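Below you'll find only one chain, the form predicted alone, shown as structure tokens.
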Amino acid sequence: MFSFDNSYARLPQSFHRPARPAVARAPRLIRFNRALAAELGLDVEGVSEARLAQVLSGQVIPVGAQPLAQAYAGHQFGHFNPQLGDGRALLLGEVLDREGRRRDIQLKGSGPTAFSRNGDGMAALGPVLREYIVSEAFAALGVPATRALAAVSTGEQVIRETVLPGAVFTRVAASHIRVGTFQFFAAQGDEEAVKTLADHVIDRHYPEARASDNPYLAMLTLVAERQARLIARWLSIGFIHGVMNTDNMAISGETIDFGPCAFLDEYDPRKVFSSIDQRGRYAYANQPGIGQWNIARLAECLLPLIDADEDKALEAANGVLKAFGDVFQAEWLALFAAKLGVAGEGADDRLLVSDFLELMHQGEADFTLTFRALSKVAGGADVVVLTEFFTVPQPGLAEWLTRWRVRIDDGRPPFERQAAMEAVNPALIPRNHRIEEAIAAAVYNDFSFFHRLVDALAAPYAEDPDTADLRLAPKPEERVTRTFCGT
């Protein structure tokens, strides 16, 4: 089934600990991503669902797998923990996909490891389904993220605030190396391990850095650029990660570990959903600054590799941090200008975007539906299709629309401009209340809505009449105000 080549397992023993999945009494396959399996080059022809459930719950270890838990540290809400590690996940191994890219295959919720810190290492069904839904929605939206290969119910019970059904999630990533992985060794003063890890990252993710006069500074620069662009993409679709700790920032530039994540309904830059983010550290608008802060923590780990002269190393690292802000701002403006239908660059484009967002904020306008409606107005629809999404009417909207119409008048026919805008303004996102609806039904062994939602999210830019109900904003009684991580 798998053809493993496990480069991370070949790193020194301090990088990982062996791990074995816990027993699952009655594993049952909930969903298997056959399209992703084909992309990975997995041979599942003739493999039964029962057999897949055994393998993807960890009951059968496939040939070539080397199950291990990765070591890492991390800043959690600004406070440093020198040892975290995979407490409820294990890396089965790595495969080379059909494009020759190395991809991790990881089981989440498969039981305790050496890093579990007295936890049970299990996952409840709800967080597994949430991550499956959002992972695959990201893939369809074109946002770099870990992918969902499978969800399996275990037949075990997981005790949290209540007793919940257990499940295992099979996750695919370019790697699971984090900022916190570097911090784990830097905190111990183990510069040799930091160098070994950096060399591994360069070879695996940033081979172009090897040709640089300073490959470690080049690696830091490339990691920072990917993260800046990634976070700009999050903001462009109204995504709030929820727990941007340094152990939850992947060096590869993929969105990872978004357990308590949520998507904006009405636009509010201060919005927080995660139940553990009591002070709003990771609010929607704070995410770029936190991303830069996390890159600063990575830079601290790499300083001895960047230059033996600490002052020179600091100067170089500070240059990367400044560049992070520049890259983010440019990417954010490009993305939001495209959402407005603006082609080319204009001196007042940033003001045009920020003024519209402020009108949306004051008008409590739905983020996704408002931008989608603006696309229709660009195509010639009556402005009422836009104003209906402003809960609080905004007199200033008329003046803004006048400026906007002047700016987008670039000679393109209206239908062409609308099509371009609809290609970047999704009609369908993983609405928080719809995710909760899928989870609530699944707890009672009804996965029909979960499957319907995942299938629909595969085409987020389409307006299929059969999924019209999934595009609606929540009614007041349907609003989700708090989300929870899966630990």
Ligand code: AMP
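Owing to the predicted nature of the structure, the values given are computational and were not obtained by experimental measurement. Residue numbers here begin at 1 and follow the sequence given.
Not on display, but discussed next: the form predicted in complex with the named molecule.
Student: Which of these residues, Q292, S153, N248, N286, gets a heavy atom within 4.5 Å of the named molecule in the predicted complex?
Tutor: The residue in contact is N248.
Student: Scan R117, K312, K195, R101 and let me know which has any heavy atom within 4.5 Å of the named molecule in the predicted complex.
Tutor: Exactly one residue meets the criterion: R117.
Student: Spell out, yes or no, whether the shortest heavy atom distance between D86 and the named molecule in the predicted complex is within 4.5 Å.
Tutor: So D86 counts as contacting the named molecule.
Student: Residue-level question: is Y72 within 4.5 Å of the named molecule in the predicted complex, judged on heavy atoms?
Tutor: Yes, Y72 is a contact residue.
Student: Would Q76 show up as a contact with the named molecule in the predicted complex if we use heavy atoms at 4.5 Å?
Tutor: Yes, Q76 is a contact residue.
Student: L298 near the named molecule in the predicted complex, any heavy atom under 4.5 Å?
Tutor: No, L298 stays farther than 4.5 Å from the named molecule in the predicted complex.
Student: Among 77-85, 180-188, 408-416, 360-368, which stretch sits within 4.5 Å of the named molecule in the predicted complex, heavy atoms only?
Tutor: So the stretch in question is 77-85.
Student: What residues of 251-267, in sequence order, lie within 4.5 Å of the named molecule in the predicted complex by heavy atom?
Tutor: Heavy-atom contacts to the named molecule in the predicted complex: only D257.
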